[in-house]
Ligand code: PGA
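One chain is shown next in structure tokens, namely the form predicted alone.
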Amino acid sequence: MHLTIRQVEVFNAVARLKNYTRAAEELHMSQPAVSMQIKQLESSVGLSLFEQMGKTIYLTDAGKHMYDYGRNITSLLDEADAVFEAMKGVERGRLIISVATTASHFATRLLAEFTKQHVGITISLDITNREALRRQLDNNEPDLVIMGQPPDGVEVEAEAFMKNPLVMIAPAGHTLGGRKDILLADLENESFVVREKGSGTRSAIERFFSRHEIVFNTGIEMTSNEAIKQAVEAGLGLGIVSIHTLELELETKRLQVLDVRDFPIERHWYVIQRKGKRLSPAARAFKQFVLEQAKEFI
């Protein structure tokens, strides 16, 4: 069997995305070029790797085996790249970082300072939601991930580097703003602007209210913390967000933090890598930087 690394890369993308067009976009290739690579690989293997039913494509049994081998090949190449980068030293190399949207406000500050100290390192940054981070870790794509609670169902190594308190917010002038020690029971008639299902913040909030046996009324769902803050400011409900996302709004007094009993909800920020992943010198340096200096930039 004769195959090329490019064929393996293209196959892995199509197998993961289950879509030729999206794979082509991700790889910056034309769809006919992607199809040609797959046909050449199937010709080399001597078996069909995909089957199409309607508009959906599926892996054949041979394709499933090929996907396992393909990911192993990619992992070995990444490991080889890490070894060679280690020979070059920490001042060179490429760093692939993925960050939860809720951590983007301080992660960009961290990276800005890190690049000042290591000007020769090229950084690729992806800011995305929790489900995408879990999928990326499962596919062993990023060097490191910065997020809240580590995802279930993926073997990872996670180290907490800072507390991440979730506080309750209200618009300026809200009637609850002047009250002290607000009881959770007093909030049962309030409507909340919340993150979408599957969000780590949403899950933590629901567990908290369930544990305290309090009804949690979700009025509007949003896909980002920025949208939640804007909705709360507009008077569409109360919100619960990380205290680390409120710097500007508290300074300008557009939002206020409510004094609610049993709040804040205590969480942590983690720096995470796939279990067993061999980090490059650049990734090791950034991880150490986060663990030792992150608090200085928040």
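Note that residue numbering follows the sequence shown and begins at 1. Model, not experiment: these values are computed from the prediction.
Omitted here: the form predicted together with the named molecule. The next part is about that form.
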query = Looking at 113-121, 67-75, 167-175, 196-204, which one sits within 4.5 Å of the named molecule in the model of the complex if you count heavy atoms only?
reply = 196-204
message = Within 4.5 Å, heavy atoms only: does S98 come near the named molecule in the model of the complex?
response = no
key: Partner contact for A107 in the model of the complex: the named molecule, 4.5 angstroms, heavy atom   = no
message = Quick check on M147: any heavy atom within 4.5 Å of the named molecule in the model of the complex?
response = yes
message = Under a 4.5 Å heavy atom criterion, is N129 part of the interface with the named molecule in the model of the complex?
response = yes
query = Quick one: which residues from 246-274 get a non-hydrogen atom within 4.5 Å of the named molecule in the model of the complex?
reply = R267, W269
